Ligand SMILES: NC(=O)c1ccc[n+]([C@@H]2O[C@H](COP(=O)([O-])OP(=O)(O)OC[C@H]3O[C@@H](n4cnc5c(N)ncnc54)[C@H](O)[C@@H]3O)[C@@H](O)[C@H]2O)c1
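First, one chain by itself in structure tokens, the form predicted alone.
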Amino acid sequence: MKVEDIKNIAVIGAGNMGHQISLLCAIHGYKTVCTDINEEILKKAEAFADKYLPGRVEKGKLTEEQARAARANITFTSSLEEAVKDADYVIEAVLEVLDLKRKIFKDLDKLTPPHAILATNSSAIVSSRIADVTSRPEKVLNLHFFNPALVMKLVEVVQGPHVSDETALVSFALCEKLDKVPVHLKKEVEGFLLNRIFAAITREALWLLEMGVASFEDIDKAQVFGAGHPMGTFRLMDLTGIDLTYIMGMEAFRATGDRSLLPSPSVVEKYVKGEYGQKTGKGWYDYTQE
């Protein structure tokens, strides 16, 4: 299989990552189907596309013709079978729950054409923990986009021991077709590249907060105005979701048994309260007035 053979892409999950990856693929000329079992999330994803594309035209980032073509390229459905029946490449972007992903990939193996590559956008669960439920483990890999997927350039292409060179090369080339900057991980490692670096920063920022050294606002200011980060740890957690921070910490602990990887008490408190960040209107910061 070559990257030129990829015409149809299916994205599983229409949440924040899924609907942006879907739209990214549609903008770059791929026939794209976005699917989710939640009809309300699907409606929000479609509404986002209908708002985003005209906005790009107004800003001069797309021509009207390009926006119309992109909108024609993307469809939304709650039927997994309908979404993936013609797919050449599938990108799963659902919750970071291992059992859920294994069930989805088992279904994908039955519903997709035999040549299709099956990728997971997961940053917490390596594909070797999923690939064995399929008859094509050599075609199952992590393709990790960063949030927001329409903006962030980096994509991590993770080649575990079961992934063929062909699958890795095609996936790398697809990222370039999507105008992204892919990096090739030759081994599976928890957290991959950038999230391992971020995890160390996040652990230290949370320790400083919980020891009462500084407020989360001042820790964020130090990162932005001292280190040149686009946003601080706590604002970033609000953007990506404090629930994701919690789930990733729990998954890392389950995979390694390392108690230092467990989510911090303050993250657990936010998770229990349902204060996940921007998606709920409140996290570390309050977004109800925005």
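All values reported here derive from a predicted model rather than from experimental measurement. Note that residue numbering begins at 1 and tracks the sequence as displayed.
Not pictured, yet referred to below: the form predicted together with this ligand.
Engineer: Name the stretch, out of 168-176, 214-222, 90-98, 182-190, where some heavy atom lies within 4.5 Å of this ligand in the predicted bound form.
Structural biologist: Careful reading of the contacts points to 90-98.
Engineer: Taking any heavy atom pair closer than or equal to 4.5 Å as contact, tell me whether Asn121 reaches this ligand in the predicted bound form.
Structural biologist: Asn121: contacts this ligand in the predicted bound form.
Engineer: Does at least one non-hydrogen atom of Gly277 fall within 4.5 angstroms of this ligand in the predicted bound form?
Structural biologist: Residue-level check for Gly277: no, no contact with this ligand.
Engineer: Using a 4.5 Å heavy atom cut-off, state whether Leu150 contacts this ligand in the predicted bound form.
Structural biologist: No, Leu150 stays farther than 4.5 Å from this ligand in the predicted bound form.
Engineer: Residue-level contact is defined here as any heavy atom of the residue lying within 4.5 Å of this ligand in the predicted bound form; does Leu24 satisfy this criterion?
Structural biologist: Heavy-atom contact with this ligand at 4.5 Å: absent for Leu24.
Engineer: Kindly confirm or deny that Ser128, Gln159 and Ala252 each have some heavy atom within 4.5 angstroms of this ligand in the predicted bound form.
Structural biologist: No: none of Ser128, Gln159 and Ala252 comes within 4.5 Å of this ligand in the predicted bound form.
Engineer: Would you give me the residues of 38-67 that have any heavy atom within 4.5 Å of this ligand in the predicted bound form, in order from first to last?
Structural biologist: Contacts from 38-67: Asn38, Ile41.
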